[in-house]
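Next comes just one chain, in structure tokens: the form predicted alone.
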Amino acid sequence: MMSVSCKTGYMNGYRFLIRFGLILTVLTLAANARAAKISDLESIEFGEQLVRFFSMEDELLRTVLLGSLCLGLCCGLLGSFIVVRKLSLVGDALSHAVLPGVAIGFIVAGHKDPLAIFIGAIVAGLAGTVLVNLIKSTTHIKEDSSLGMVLAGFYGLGIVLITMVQKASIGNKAGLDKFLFGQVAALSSKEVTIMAVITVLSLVVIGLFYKQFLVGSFDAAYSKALGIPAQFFHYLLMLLLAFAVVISLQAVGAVLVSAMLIIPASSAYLLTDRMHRMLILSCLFGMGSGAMGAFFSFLGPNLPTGPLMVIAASTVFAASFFLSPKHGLVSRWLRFRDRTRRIRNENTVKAIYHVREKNYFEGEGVDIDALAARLKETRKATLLRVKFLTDANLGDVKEVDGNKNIFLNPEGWLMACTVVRNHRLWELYLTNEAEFEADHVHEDAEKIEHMLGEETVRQLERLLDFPRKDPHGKLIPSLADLQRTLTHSPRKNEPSGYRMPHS
């Protein structure tokens, strides 16, 4: 029951990540029309742009590329923790909650001062986080609802304040509206310096307290039992997350900042089950997405950098979704196909065993018509089954007295004995230990016979005192029978190369 519950929970989380990635991709396409590009200042030939990018001659390009790399590294690092903690919506809420702080920071400074805006946005983001926890802890409202209310309320307030500032006659308001949809080309060296400082700070904090963050991310109760102040590290993570959100606003805007937090981490989540590997992959994906966004925006006309970063990250996610060795759609389909083939072949060789058992193991082959009757299917369907067996090198088809017969080779007979052994041991276990009626255990054994591993089967044999007969009085092939399958000399009326079970 525990494994079923874990698998169900994992699949629910897996579906959420897929839906979230699709939503973020749609938001990216919607934001394309509003974002800005690096090459707005001048337009030259594609070849020249390519040379300029790799030569790094332009100061603007170096600034943008460094800022994009810092953004990708910081968001990838912190995004991994919020993905495994199932706090993905927190990043989205923070990215919208900081907007009032951006406007207030501008009003206090009187101009677009990066430090003042940074401090204002941090205060607003933390206020939004505290408000979410307050609503959740003092009312019956669930966390998702409180996140939605805070996200919408703070975002609406932020838009109102930014609109008011834009219309007011105070200071230089140029670029303030870019905090909504981002403009990497407008990054200043001072803003990139702040991004670099926050990135280094995040790396240092995560490096120093990695074990505490790791334990708290997967088992908060165990973390408390070890004496780790889980609540402190939770709020420390939220503070770092607020920092990451704020430094990303100028690059990708409030609409898309959550994409850079979630998509690279989600891509890494599909590729590994180890947290340290996930952190490394997520950081690499984030930095790669930032660099690719800057690269394509610099090369092409009218291509916005921020949305291109998110599209690059979404492309990596799509590749992970389809090609991940363990969780990818293609690999899962291949495993499903292989498992289906294996079960089909096991059912076929088991039916061959039953036909031979009914005939007291006389002769070596089984007539196709007799096998079809046992399987309760048409001769054509049985011939197709037999073809799958021969393709898997488990047997051969030969003519005997004008009729087609299937002859299992030693490997095929070993598979047949193994499946029958699993089936009959499980039936005996259910009747002896679980006290099921003998006529009510067949269907359950039909399913479990394909999943029992050798170690589990040996435990069943020891538990049942190495039985020789199932509840219906039929012989159970033993481990000794299976081991003799490929090594003995055949007896009279036994097929060459394998041995029938004996009581």
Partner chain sequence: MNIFQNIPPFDFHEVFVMPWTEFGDVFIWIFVMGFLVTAACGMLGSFIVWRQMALVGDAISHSVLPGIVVAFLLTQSRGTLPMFFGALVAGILTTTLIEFIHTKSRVKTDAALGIVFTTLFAIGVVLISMYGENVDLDTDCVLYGEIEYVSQDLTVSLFGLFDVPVQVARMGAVAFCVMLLIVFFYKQLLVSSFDPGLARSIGINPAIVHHGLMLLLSITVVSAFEAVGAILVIAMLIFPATTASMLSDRMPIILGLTVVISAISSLLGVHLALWLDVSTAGAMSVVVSTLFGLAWMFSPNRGLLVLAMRR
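Every value quoted in this text rests on a predicted model; they were computed, and no experiment measured them. Residue numbers count along the first chain shown, from 1.
The next section is about a form of this same protein that is not shown, the form predicted together with the partner chain.
Each of K86, L147 and S266 places at least one heavy atom within 4.5 Å of the partner chain in the predicted bound form.
The single contact residue among L334, A152, L201, A381, judged by any heavy atom lying within 4.5 Å of the partner chain in the predicted bound form, is A152.
Site annotation in the predicted bound form: the residue of L240, L303, V123, A196 reaching within 4.5 Å of the partner chain with a heavy atom is L303. Per the 4.5 Å heavy atom criterion, the partner chain in the predicted bound form is contacted by stretch 136-144, the sole one of 408-416, 341-349, 373-381, 136-144. When the partner chain is considered in the predicted bound form, H354 lies well away from it, no heavy atom lying within 4.5 Å. Taking non-hydrogen atoms only, N422 never approaches the partner chain to within 4.5 angstroms in the predicted bound form. Not displayed here, the partner chain is kept clear of V397 by more than 4.5 Å at the level of heavy atoms in the predicted bound form.
The closest heavy atom approach of F361 to the partner chain in the predicted bound form falls outside 4.5 Å.
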